[in-house]
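Single chain ahead, written as structure tokens, the form predicted alone.
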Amino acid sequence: MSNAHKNSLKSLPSWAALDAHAEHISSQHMRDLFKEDPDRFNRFFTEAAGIKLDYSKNRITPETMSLLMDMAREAKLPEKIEAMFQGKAINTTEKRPALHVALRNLSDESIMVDDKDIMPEVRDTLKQMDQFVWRIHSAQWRGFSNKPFTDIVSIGIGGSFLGPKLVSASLKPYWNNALNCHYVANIDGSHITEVLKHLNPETTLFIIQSKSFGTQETLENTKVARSWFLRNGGNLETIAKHFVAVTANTEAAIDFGIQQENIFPMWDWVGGRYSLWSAIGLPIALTIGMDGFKALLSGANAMDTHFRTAPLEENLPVIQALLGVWYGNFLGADSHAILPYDHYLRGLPAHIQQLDMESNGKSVDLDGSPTDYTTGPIIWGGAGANGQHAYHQLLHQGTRLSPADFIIPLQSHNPVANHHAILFANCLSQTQALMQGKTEQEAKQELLDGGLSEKEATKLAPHKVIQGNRPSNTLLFDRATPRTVGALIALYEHKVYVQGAIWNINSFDQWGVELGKQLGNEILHKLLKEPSTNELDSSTEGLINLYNGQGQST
């Protein structure tokens, strides 16, 4: 602790207490904790906004949770939570609030930014979306040949892509069958080529999602879409029938040919990875309808209310976040797996990956001092049972500790034969195996019972040992409805903020991303053989020369 600067998390009394407690608990196995406490499941179970959380399969005792709550209070977490809801400039480097919660504020409460109530503008945008969706669904708005739209193509990247794509896919059972939704993000020309290949320009509507209307990947893909449209029956006058925009740069969108009434706003107080609740969610609203979109907002709002008002000890995002701090800062975990056992939620790991890693991938605190403790984990994962035949092996027998969230609905949208019971059994067996493991004695006896000799069983048994004591959370909900999906995503948003608040970092800027954009523009000049005075390292120069055909192949 002598190396910690005075404002460091490590200087808090709770840090030393947790450090000592981690040493004590390292010798305890969860298998024994369950035996010692028959009520462990009920002790470490809570629910809110339709989401149930079983966190009993964690390397914790009541003392662990008490110490983690002490840390939260010493880090002034309750005050930091309230600061977000009050519109304080918690994005300190950009001097902005982070008010995604305002987008799903369904009350009459005002939310002030720079002495201005932002809620009238939020409500007006919802009305604009409502009218727009009605016009498309009722075929009041048609394409240039007077045919109703059949396909929507959303062009964006990052938060303008991952969040809406996740939600529209997760709510496929609620889609309006008259419309298909497609997403384009990758600057690799193969992406937009494959999407456009199967579409009819007469019945395709494009949504351009870019705050600046100048994000390189989005703008270049938009140019390709426009060229395709103009080559296949469209003209400059009919662009307005087939292109709408979500942007803060109204002038650029109008110059492109989009009518002002078809331009939806974006605000500086909403970060991209938190923006699916805004007009960025237009693809969601078009696929599931505005009633469904409002139910999505309602679910998120229910989680917001819980997060703001529930005691820390019963607070789902707080509990989830503190468990992550426990493993990352005291037990040596450097990653966290997101494992949805729901085909429709298969995009959740990618969205949480951006949400968490772009938010908390920071190495200086709010004062600009280097952190002397670990911050954001590596987020990874994939669709439920598929992973059991792939990377779950590392979770069970690898040398790395990676806590995991198992996410599953109690009911399936598609109850085929016994599929959901089998899926549920797979999910529970994985969490049980991670917790319980298999001792060498158990492995050896199993082999002996299978007919192996004493010598053979003794030799093979170590390979079948599974240490167990691997932590997991199980998140359940009745079914993936708009409301529960909204609550689930909001849960993870708040978890990320809590961890950033504990680590005393800014979860709402992304300067590492900005550097990549800046250097990319400089390199592009050289790739296009345009004048450039920038000096690059020999590796980058060599790779540019290979691209330009100047390198020697071996």
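In case it trips you up, residue 1 is the first one in the sequence shown, and so on. This structure is a prediction, so every number in the text was calculated from the model and none was measured.
This next part talks about the form predicted in complex with a small molecule, which is not shown.
Engineer: Looking at 206-214, 457-465, 480-488, 114-122, which one sits within 4.5 Å of the small molecule in the model of the complex if you count heavy atoms only?
Structural biologist: That would be stretch 206-214.
Engineer: Within a 4.5 Å heavy atom cut-off, is residue 170 in contact with the small molecule in the model of the complex?
Structural biologist: No - in the model of the complex, heavy atoms of residue 170 and the small molecule never come within 4.5 Å of each other.
Engineer: Though only this chain appears here, would residue 35 touch the small molecule in the model of the complex if you measure heavy atom gaps against 4.5 Å?
Structural biologist: The answer is no: residue 35 has no heavy atom within 4.5 Å of the small molecule.
Engineer: Given that the small molecule is not shown alongside this chain, does residue 159 nevertheless sit within 4.5 Å of it in the model of the complex, heavy atom to heavy atom?
Structural biologist: Contact check for residue 159: yes, within 4.5 Å of the small molecule in the model of the complex.
Engineer: In the model of the complex, is there a heavy atom of the small molecule that lies within 4.5 Å of any heavy atom of residue 354, even though the partner is absent here?
Structural biologist: Yes.
Engineer: Using heavy atoms only and a 4.5 Å cut-off, determine which of 104, 306, 470, 273 is in contact with the small molecule in the model of the complex.
Structural biologist: After the contact test, the surviving option is 273.
Engineer: 510, 506, 499, 58: which sits within 4.5 Å of the small molecule in the model of the complex by any heavy atom?
Structural biologist: Result of the distance check: 510.
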